[in-house]
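Below you will find one chain, with nothing else, as structure tokens; this is the form predicted on its own, and questions on how it binds or moves follow later.
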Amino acid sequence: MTNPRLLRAALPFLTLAFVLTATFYVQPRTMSYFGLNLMLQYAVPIALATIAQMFIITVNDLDLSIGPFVGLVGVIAATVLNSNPVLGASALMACVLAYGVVGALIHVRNLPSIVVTLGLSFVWLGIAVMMLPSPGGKAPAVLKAIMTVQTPYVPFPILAAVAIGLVVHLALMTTSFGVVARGAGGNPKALDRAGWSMLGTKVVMYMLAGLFGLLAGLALLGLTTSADAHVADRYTLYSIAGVILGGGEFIGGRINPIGAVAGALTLALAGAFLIFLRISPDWQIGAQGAVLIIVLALRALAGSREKSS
């Protein structure tokens, strides 16, 4: 009999394998270096945005502003960073610090993160639109070079996604800070009694989310080569779905960095798969939502079997 706990842990990777197999079946030409590179070219920014969301979910909060934030980063990098690198870098760092301030505000005032970050999403989008009312700007050459690098044997997006997952896994699962961070979501009262600062932990986790959101915006700009304030609007939903597909939960500090990256890869592949099926873009979000619901149902089934065994 299959171990329910093992099945639950393997579900993100089984889902990824299923979507990849289905894609190969529908379009056999994708079973190549070029095909995988083309399908997964946007996997890196999605994976980075997903990890950013995962940091917030780890402390039992939810970020509804990560998509517009990624778009704002791209606008700043494509305009200010090109004309004045020092000012542009300072503006980007200020955005990361702003994330930390928001985390502190949410904790100190005991505000619902959903409401605060929803309002923040309009702030990020408004600033981006004021800076760049229509698509334009230019990606720095170094970003284009990094995001279009051709690695031998295995496409760069796969290697980068795996590296992101492993680095974050080691940081959150094998270090003392990782234990504290996950404890902030799992048992904050015990953490507070042990002398750890919940405020400090939340500020750091929010700033990490801002840092990975910044990396996602830079990676996306390196692929698109020009900026658009609305280019990453869907990334908010992608990031939440990626964390949940990867085995994360909204409460309890239960996260899986490698699973979250697998969830991001699944979403990137699902988009290509739906295109091969000639499904209208208007229906693609709904189809991806259906995939998420199916995975959640399977996870719930595995969880119930685990409790009964």
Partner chain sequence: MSTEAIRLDGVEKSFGAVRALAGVDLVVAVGECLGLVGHNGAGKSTLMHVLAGALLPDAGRLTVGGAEPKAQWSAAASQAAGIRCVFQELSLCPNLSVAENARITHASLRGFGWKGRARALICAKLDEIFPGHRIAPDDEIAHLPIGQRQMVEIARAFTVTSAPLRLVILDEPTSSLDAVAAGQLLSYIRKETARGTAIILISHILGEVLATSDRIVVMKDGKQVAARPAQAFDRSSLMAAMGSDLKEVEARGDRRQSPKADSAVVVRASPQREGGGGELVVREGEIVGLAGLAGHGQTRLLLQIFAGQADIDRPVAFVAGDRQNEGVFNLWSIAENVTVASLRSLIQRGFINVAAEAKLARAWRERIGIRTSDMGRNILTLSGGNQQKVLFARALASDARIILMDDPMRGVDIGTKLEVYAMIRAEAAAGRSFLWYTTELDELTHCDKVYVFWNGKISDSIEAADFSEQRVLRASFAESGT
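Positions refer to the first chain, counted from 1. As the structure is a prediction and not an experimental result, all values here were calculated from the model.
Missing here is the form predicted in complex with the partner chain; even so, the following discussion is about that form.
Considering the partner chain in the predicted complex, the lone stretch of 24 to 32, 37 to 45, 265 to 273, 245 to 253 in range is 245 to 253 [heavy atom distance within 4.5 Å]. With the partner omitted here, the residue from Ala194, Val115, Val86, Ala145 that has a non-hydrogen atom within 4.5 angstroms of the partner chain in the predicted complex is Ala194. Ala190 is the sole member of Ala190, Val108, Ala141, Ala94 with a non-hydrogen atom lying within 4.5 angstroms of the partner chain in the predicted complex. Taking the partner from elsewhere, Leu125 is found to have every heavy atom lying beyond 4.5 Å of the partner chain in the predicted complex. For Gly100, no non-hydrogen atom is located within 4.5 Å of the partner chain in the predicted complex, even though that partner is not displayed. Interface residue remark: Ser176 is counted as part of the site for the partner chain in the predicted complex, having a heavy atom within 4.5 Å.
Taking the partner from elsewhere, Gly119 is found to have every heavy atom lying beyond 4.5 Å of the partner chain in the predicted complex. Contacts with the partner chain in the predicted complex, taken as any heavy atom within 4.5 Å, map to no residue of 222 to 246.
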